[in-house]
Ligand SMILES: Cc1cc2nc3c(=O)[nH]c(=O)nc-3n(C[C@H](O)[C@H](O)[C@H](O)COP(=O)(O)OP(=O)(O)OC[C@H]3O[C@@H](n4cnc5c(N)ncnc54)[C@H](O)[C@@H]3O)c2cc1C
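The chain below stands alone and is given in structure tokens; this is the form predicted on its own.
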């Protein structure tokens, strides 16, 4: 037993992603504490691949599923002291943003509308409204091999929607800077961001933005190429925001990857721009 969950077989992973797409985990476990992650890594890393999954908001899981052990990270300890918030990787980013607001602390207003966990947000340097995680991080602790290593912000290799963490690094927790702020000002800013999201981003099953921005936002090129509403099986390009692919309820990962390939090919044919995915692929894709 680890935390409150035993290792199980054949768990459907689509239930743990915002896309609601994907096959099964060969083995599956929920980590409720960072010590669970350390123990699981020690006991299973020599036996099979280990995949760590947060809130599943920026991933596409293969129809064939994921081999080895999938660890669902639900570590959610958070402490505030001395100008820092020390939070586990499994803390939902929007909850962390709300905790800042409730304490009249600034710096994470942009995060109140971003789905996903802190660990995933750090690995991809998530951001919105001109801000990103790199602007707030003091340090990050990772499990590197069998050792817990603390990296300062300038050692994390943060760049636009990416970081320099090793592929095998497991993010455990981070120290995020805080700053006193006027609560009413924070509320106004957060409400403005929420209104923007409601107006410009579609609802439904999706993984958020599919592509990184090029010299212009990816959605501009997809829209200008006339691809809004383009369909493949149960997946389609949103008519509200062209950089979103929506699962109508029966889409497969194969539908989504075919749609992604078609978008990339047609944008390149029209504009000579090579779009690059922001979403992460997990599992066995052909």
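Residue numbers count along the first chain shown, from 1. Everything quoted here is computed from the prediction, not taken from an experiment.
As for the form predicted in complex with the named molecule, it is not shown, yet the points below apply to it.
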Please name which of the stretches 108 to 116, 187 to 195, 174 to 182, 95 to 103 has residues with heavy atoms lying within 4.5 Å of the named molecule in the predicted bound form.
-> 108 to 116
Evaluate residue 128 for contact with the named molecule in the predicted bound form, applying a 4.5 angstroms cut-off between non-hydrogen atoms, and reply yes or no.
-> yes
Closest heavy atom of residue 280 to the named molecule in the predicted bound form, within 4.5 Å or not?
-> yes
Evaluate residue 73 for contact with the named molecule in the predicted bound form, applying a 4.5 angstroms cut-off between non-hydrogen atoms, and reply yes or no.
-> yes
Examine residue 206 and determine whether its closest non-hydrogen atom to the named molecule in the predicted bound form is within 4.5 angstroms.
-> yes
The named molecule in the predicted bound form reached by all of 21, 29 and 64, non-hydrogen atom within 4.5 Å | no
Interface residues of 149 to 173 toward the named molecule, as seen in the predicted bound form [heavy atoms, 4.5 Å] = 161, 169, 170, 171
